[in-house]
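Here we start with a single chain on its own, the form predicted on its own, put down as structure tokens.
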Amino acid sequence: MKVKRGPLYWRQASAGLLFVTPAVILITVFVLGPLVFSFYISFFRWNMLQPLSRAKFVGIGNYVRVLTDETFKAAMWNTMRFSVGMVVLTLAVALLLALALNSKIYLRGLFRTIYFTPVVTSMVAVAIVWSYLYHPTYGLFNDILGRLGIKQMGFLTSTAQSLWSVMLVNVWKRAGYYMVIFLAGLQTVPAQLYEAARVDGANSWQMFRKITVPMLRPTVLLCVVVATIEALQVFTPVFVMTKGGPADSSLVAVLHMYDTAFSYMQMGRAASMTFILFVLIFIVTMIQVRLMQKGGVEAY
């Protein structure tokens, strides 16, 4: 049976279209448009200084060159190492902080504010301050090590330590964000479960393993996926603190894309790198979701 639609329906539909039109235009111009253009450019050799009409079509040549480029492989390897370390350390620190703040401690609100403050601080400002703390001669960290009689470290100037030094900055800055998410998850766990466990003689560790961890699995899934995507796209702290050095030891994928596009003016090759990274992020995210679902967690 066909439903007759009166003037009121069409007025409401028109009003709805008018409300969403500005958002659709903005998304098309600033998201979908650049995305389609980047994908188109990834099949051309174009240096951005020439008209687009002079771009040379190379097919999948950019993708082949990128996948066989040793610098890109090194950047992806650094990105993967950075991502694994950041996700594990950040979420571990965030969970410990959330567990502490979920208990009845004095000045809990003040500590929560202090731990969250780095999240709302500019990453550029944070990176600059930590660069001074890491300074091999005048930095605070090496000064403390010297006073303790420990050999001073290179930190950002060491090929073995530069990537991990930047990672620790990210952990310090982002732990508060995931702490709040974990804290929200902990506060949804029914208190009756803990009370029943105490009656049965369970200790704190047993309650954490048998109650807290299973109840937090959806929250863990969310945090792992978000933190992984964020880590795979890291750029600002590396750009400010090391520029990818020394000797490309802290070069990550997005920084390599930036250098390829704006230092070497190879826009097509840089565009192909972005879609390779997108495919990697998509695959990693799907694997994480599948693994968590097999463990009994439903994806959001």
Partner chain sequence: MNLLSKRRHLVKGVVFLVLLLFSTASAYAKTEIVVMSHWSGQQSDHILPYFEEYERLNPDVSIRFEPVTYAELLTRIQVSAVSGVRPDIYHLYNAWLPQLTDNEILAVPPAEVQDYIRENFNVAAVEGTTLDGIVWGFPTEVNDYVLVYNDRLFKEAGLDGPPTTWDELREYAEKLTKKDEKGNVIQAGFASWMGDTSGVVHPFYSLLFANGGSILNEEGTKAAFNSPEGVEALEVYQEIVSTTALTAYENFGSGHVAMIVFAPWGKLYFKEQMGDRFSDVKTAHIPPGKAGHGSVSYTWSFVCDNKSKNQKEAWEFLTWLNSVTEGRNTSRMGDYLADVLGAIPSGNADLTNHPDALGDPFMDAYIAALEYALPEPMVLPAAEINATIQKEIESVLNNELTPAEALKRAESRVNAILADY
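All values derive from a computational prediction rather than experimental measurement. Numbering follows the first chain given and starts at 1.
As for the form predicted together with the partner chain, it is not shown, yet the points below apply to it.
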| query | finding |
| --- | --- |
| Heavy atom distance at most 4.5 Å to the partner chain in the model of the complex, all of 59, 181 and 184 | no |
| Residue among 157, 102, 219, 212 with a heavy atom within 4.5 Å of the partner chain in the model of the complex | 157 |
| In the model of the complex, the residue from 26, 35, 48, 67 that sits within 4.5 Å of the partner chain by heavy atoms | 48 |
| In the model of the complex, segment of 82 to 90, 145 to 153, 198 to 206, 173 to 181 with a heavy atom within 4.5 Å of the partner chain | 145 to 153 |
| 4.5 angstroms heavy atom contact with the partner chain in the model of the complex for residue 112 | no |
| Contact test in the model of the complex: residue 52 vs the partner chain, heavy atoms, 4.5 Å | no |
| Residue 40 within 4.5 Å of the partner chain in the model of the complex, heavy atoms | no |
| The partner chain contact at residue 190 in the model of the complex, heavy atom, 4.5 Å | no |
| Heavy atom contacts to the partner chain in the model of the complex at 4.5 Å, residues of 250 to 283 in sequence order | 258, 261, 262, 263, 264, 265, 266, 269 |
